[in-house]
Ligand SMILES: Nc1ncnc2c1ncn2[C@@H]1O[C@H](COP(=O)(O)OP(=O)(O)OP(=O)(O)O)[C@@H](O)[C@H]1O
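Presented as structure tokens, the chain that follows is alone, the form predicted on its own.
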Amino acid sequence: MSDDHRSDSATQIYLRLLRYMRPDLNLLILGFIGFMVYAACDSAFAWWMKELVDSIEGGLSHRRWELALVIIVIFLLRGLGGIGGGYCTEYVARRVINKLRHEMFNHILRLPCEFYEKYSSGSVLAKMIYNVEQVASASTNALRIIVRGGLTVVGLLIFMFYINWQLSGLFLIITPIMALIIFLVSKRFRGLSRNIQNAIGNVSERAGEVLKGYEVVKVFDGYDHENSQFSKVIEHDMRQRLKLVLMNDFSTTLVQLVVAIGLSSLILIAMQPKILLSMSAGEFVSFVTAAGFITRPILQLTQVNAIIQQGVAAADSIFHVMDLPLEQDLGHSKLENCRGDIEFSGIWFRYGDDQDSSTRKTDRKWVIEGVNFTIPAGSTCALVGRSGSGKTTLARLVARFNDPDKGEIRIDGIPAPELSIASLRQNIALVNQNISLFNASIAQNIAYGAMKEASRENIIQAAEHAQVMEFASHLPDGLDTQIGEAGITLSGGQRQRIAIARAFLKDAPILILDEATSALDNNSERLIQEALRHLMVNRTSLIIAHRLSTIENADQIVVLDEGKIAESGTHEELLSLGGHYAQMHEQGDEVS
């Protein structure tokens, strides 16, 4: 899933990212204090070296206990400061990760259906799992290195200036050179990081498709093909990572070389007789010790740029999703005491996304063209037609999974956009051909979402109506049996019966059945059809059926052909017309 071009600067993205740490600012400050203690101890050690050498040179043996105790205290405080600072910043990092994941997950749930049609689940999951971890590195781990390393450098520089300010000035000369190197590679780091995140999304997407379609892979011997495709995406990922490593190592080596030259120059100058005479032995040793210590945090600070750029690229990718507009819900009216009148007035619709420059919606073929019909409250309307005629699309428009490009759908006389989406969907029960079950018990899948507080009695009653108890009673834990991811432990017919039980439990005035019995055998279908007839009493029912025999008693049958209404009427009326419906009926019970 590649992201659309974004113009946000790295600074804007990083500042936005830092806002997620604001609620934990006190804890972050506490962590920084720990790092201050840690950094101060490095300077204290350099001072201790001065005192040790001067004491040895001056024959001050009575200070041995004092110096021995001080070095223990220095390293104890250094350890405690490092532990405290590390824990506090890691705690904040985990909090940032949780906030980002929760906010992103909550946002994705409320995005319009076009998002799910455009992006693969694998690429979205890669953002939520991998990219968010990268963001944590940029938000807190990088800050930890900057604060701890920066304070250490500052502390050691202050000490070095205290010992000899002329020599210490050499380190200030190399600072602009290091800054220039970091600036030159920053943009390249960010670009490579974005490529890596896209590559990870491709790996996740490819693996997810194979895991879901493993049966097809096995039966059609797709091993070699899938191995070849997977090799391509992981090879691409590896190449991008190696480029990033090479760039990071190259820039680090340059900085190391600059630091080494600076340190070399420092030693050459410091060891001149004139300079040596201006310092005591202890001062000279402590100065060289501090100069040696300062190189490590400087190198860490130069390497943190790669971490920040990876995090910024990851944050940019995440914010791209989080900035997508939510499902439009401008309606304020509520469907109270819904009767279930549904009116389609001049409906035109085609799939696509005008934001996607690669495929403009206006270039797409109309799926629904000028459809007009009404489903009176409490009646049953069946939609029939060949595959691709627009049956499922019309049903999706009723639930506002999509909105028509032209025309209007009215529920109880109220235009659908004027109704709040929550109020509209509270009055709709849906059973579609792609059954959605979750890794939970049968009972939890029946009493899903807003129905989770349903009584056990009502759950059992819904299960009995949908013939779920016919197989659940033979399971070890009955309705409390765990069914695995997407109900993998159940047959297709059993999964559909659970979905039908869910619709029974909701007891909504509008019922949409999109080939709800397609996975049932003949015996089970007869039982379910009887139950559905009971469920549809006094409800507005919109049925998409794959068997014409199941909709012969519908109050109205609408025949669609290439998005248009070819004819409509009752079963008998349509047969007498001798048109599309009669031809389908003569060709066999099932509609292809």
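Please read these numbers as outputs of a predicted model, since none were measured by experiment. Numbering starts at 1 and runs along the sequence shown.
Below, we refer to the form predicted in complex with this ligand, which is not included among the displayed structures.
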4.5 Å heavy atom contact with this ligand in the model of the complex for all of Y91, Q134 and T140: no
In the model of the complex, G370 touching this ligand (heavy atom, 4.5 Å): no
This ligand contact at Y351 in the model of the complex, heavy atom, 4.5 Å: yes
Non-hydrogen atom contact R547 with this ligand in the model of the complex at 4.5 angstroms: no
In the model of the complex, R386 touching this ligand (heavy atom, 4.5 Å): yes
Stretch in contact in the model of the complex with this ligand, which is absent here, among 416-424, 371-379, 326-334, 387-395 (heavy atoms within 4.5 Å): 387-395
Candidate from E485, E470, E117, E408 lying within 4.5 Å of this ligand in the model of the complex - any heavy atom: E117
Residue (of Q240, Q300, N305, Q433) lying close to this ligand in the model of the complex, criterion heavy atoms within 4.5 Å: Q433
